[in-house]
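Single chain ahead, by itself, as structure tokens, in the form predicted alone.
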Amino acid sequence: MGLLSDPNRRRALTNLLTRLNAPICVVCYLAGVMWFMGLAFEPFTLRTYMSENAMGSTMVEEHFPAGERALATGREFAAHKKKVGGMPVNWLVKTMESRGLEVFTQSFTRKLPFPDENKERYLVRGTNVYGILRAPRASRTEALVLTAPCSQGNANNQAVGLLLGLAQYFRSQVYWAKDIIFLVNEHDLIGMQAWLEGYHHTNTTGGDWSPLHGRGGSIQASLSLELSSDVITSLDLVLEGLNGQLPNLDLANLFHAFCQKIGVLCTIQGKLQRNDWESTSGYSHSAQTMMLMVLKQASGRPWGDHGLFLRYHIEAATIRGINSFRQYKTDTTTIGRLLEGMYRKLNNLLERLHQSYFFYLMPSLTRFVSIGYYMPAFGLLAVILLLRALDLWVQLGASAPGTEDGLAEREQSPSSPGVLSILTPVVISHMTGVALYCLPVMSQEMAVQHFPVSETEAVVLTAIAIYTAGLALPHNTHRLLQGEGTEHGWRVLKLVALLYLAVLLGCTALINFSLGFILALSLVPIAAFITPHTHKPLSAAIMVLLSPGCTLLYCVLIFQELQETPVSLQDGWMLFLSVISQGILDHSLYGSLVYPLLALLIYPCWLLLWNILFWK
């Protein structure tokens, strides 16, 4: 404090930071990237451990003898699904009732803002079927949920059969202290969203659904089951939910503990655990696993039915069965034992899961990176914006009207910058962002009438057209101002843009670290070093390559590479267009915040920097 209170020392510190500003910024950027990549190195991470005492021990005898019967039920479900061409509601109701459950149905209807060409649907109608096993040993104030989506074709039939088999077995046990809800939802996330909104008496997305006539207690935890084969080689744990939310780490620890005990091969991001972390290949494996989690979390979309439960503070995860060419095989009976053991442990909870971490990254199922370890990587990038803002602040103070330099500048530049010269590009940039957010969906009918494209193509191409049209913003701004800016003006505008971007990225990283970090990687360099005096063609090319749209394209290509399914540039472009349409749909259907964040805030901020580059 003495260093900052003494004017001479404060001036000396300020002079040091301004004189070495550029080298310090470069060092901070490289240090932030190296810090993040070092998080995948096993000695720098923490070993997972169970924080909740009620689930700390897995010393229970798991029982589930009806694996073959569950597969037979799944085949029967598949036959009835094929016969009716969709969800066999009547058969499900009778089957659940025969297992002693209180069975209820919920119908729902949802009209999409434009057709979802990936799943070929526009007006969605469906029915959810769920049965409640009432707790025989408690007051029925709490509940657990087991879900299995009714997917198209032959997908997930085994999961529904196992769900019904577990319901029959759970019905014969007397130790349940919580209601257990067995839910089969239609149309994947749309049906799950309708059921959750009906269960909690909310309607945040504008869906049309019938009210639920049967409810259990307050939901404490949920597992979603996805099995599409009679024989499974490994179980993959999916954690990423809506807007980058993650369940309590104890839920992942519980899954891993039972997999280890029963002898089931378990993966995360589809990748196995490796013990050769000291080798280059071992580190590369951990880094790829962590980066896959970062990219999935940054997308903001729910990667399974569990992703929508997290919005209601319900700890949830998806267990996905994988049938690959591995020699290790796991039958349905073993998977049923694993789920039975997990639900017995969750049944012991006296309160919601809260003792472990909610903000973390996982390079493997045995290691995790807590928020205290990964936030410094973002902080090193964010401090660059503050250092550049400090440098600009000092420059503006040195050229203030009251100083000799300021008087000389005013003599050279008679028109001092007014509020209009700063406010105009800010307003126009955000109006462009509002157009990017609203017009693609609103103008789809007009685009279809005038161009030979489908509704989905019209939405995506309109968004790209508005995004590209923003490149003409500096020219339009200068025409509106009817005059040239000043040296003082662009510095003030850049100071505003730097502080705006710092606050924006900081708030984003607190909500969704992965999204904030990826945006900081691309936006911080151009925000720090862009000026009107740089080589404009080269600087413009760099700015376009580091723009939010190109960053999204890079993420799509990197994600495919990390999943070991590389695509050509043409296929990558088609995936890029699909990601844009899915992002807009996820915002309309489930409330994903990534699209409005990019359109209303990130893109206008980038346009401010673009305006600075072409400042006259």
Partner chain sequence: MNVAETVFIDNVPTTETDASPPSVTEQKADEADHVLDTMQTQDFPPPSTAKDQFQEELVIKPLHSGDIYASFQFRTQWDTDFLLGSKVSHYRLFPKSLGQVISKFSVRELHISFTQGYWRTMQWGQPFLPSPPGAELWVWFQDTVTDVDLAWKELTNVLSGIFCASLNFIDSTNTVQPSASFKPLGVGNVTDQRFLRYAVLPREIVCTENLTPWKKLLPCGSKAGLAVLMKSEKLFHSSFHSQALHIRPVCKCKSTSWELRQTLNVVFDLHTSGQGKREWSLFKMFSRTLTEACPLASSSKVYVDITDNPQGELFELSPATPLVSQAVVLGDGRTYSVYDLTDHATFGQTHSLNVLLRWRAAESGEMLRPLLHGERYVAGYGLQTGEIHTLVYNNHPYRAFPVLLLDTVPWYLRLYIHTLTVTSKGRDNKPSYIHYQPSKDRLQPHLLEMLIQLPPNSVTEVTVQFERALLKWTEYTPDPNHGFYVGSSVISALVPSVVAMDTNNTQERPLFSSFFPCKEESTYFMRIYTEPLLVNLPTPDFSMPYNVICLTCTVVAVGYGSLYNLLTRTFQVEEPSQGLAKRLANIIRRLRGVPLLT
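All values reported here derive from a predicted model rather than from experimental measurement. Residue numbers count along the first chain shown, from 1.
There is another form of the same protein, the form predicted in complex with the partner chain; it is not shown, and what comes next is about it.
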ask   = Looking at Tyr467, Tyr199, Tyr374, Phe114, which is the one with a non-hydrogen atom within 4.5 Å of the partner chain in the model of the complex?
value = Tyr199
remark   = In this chain shown alone, the residue from Arg326, Lys119, Lys94, Arg134 with a heavy atom within 4.5 Å of the partner chain in the model of the complex is Arg134
inquiry  = Looking at 222 to 230, 347 to 355, 183 to 191, 388 to 396, which stretch has residues with any non-hydrogen atom within 4.5 Å of the partner chain in the model of the complex?
reply    = 347 to 355
task = Verify the flagged residues Arg140, Val174 and Thr204 against the partner chain in the model of the complex: is each one within 4.5 Å by a non-hydrogen atom?
result = yes
query = Using heavy atoms and a 4.5 Å limit, would one call Gly506 a contact residue for the partner chain in the model of the complex?
reply = no
ask   = Just to confirm, Trp303 within 4.5 Å of the partner chain in the model of the complex by heavy atoms?
value = no
message = My question is simply whether Tyr312 lines the interface with the partner chain in the model of the complex - judged by any non-hydrogen atom within 4.5 Å.
response = yes
query = If you check in the model of the complex, is Gly86 within 4.5 Å of the partner chain, heavy atoms only?
reply = no
ask   = Along 100 to 116, which positions have a non-hydrogen atom within 4.5 Å of the partner chain in the model of the complex?
value = Gly100, Glu102
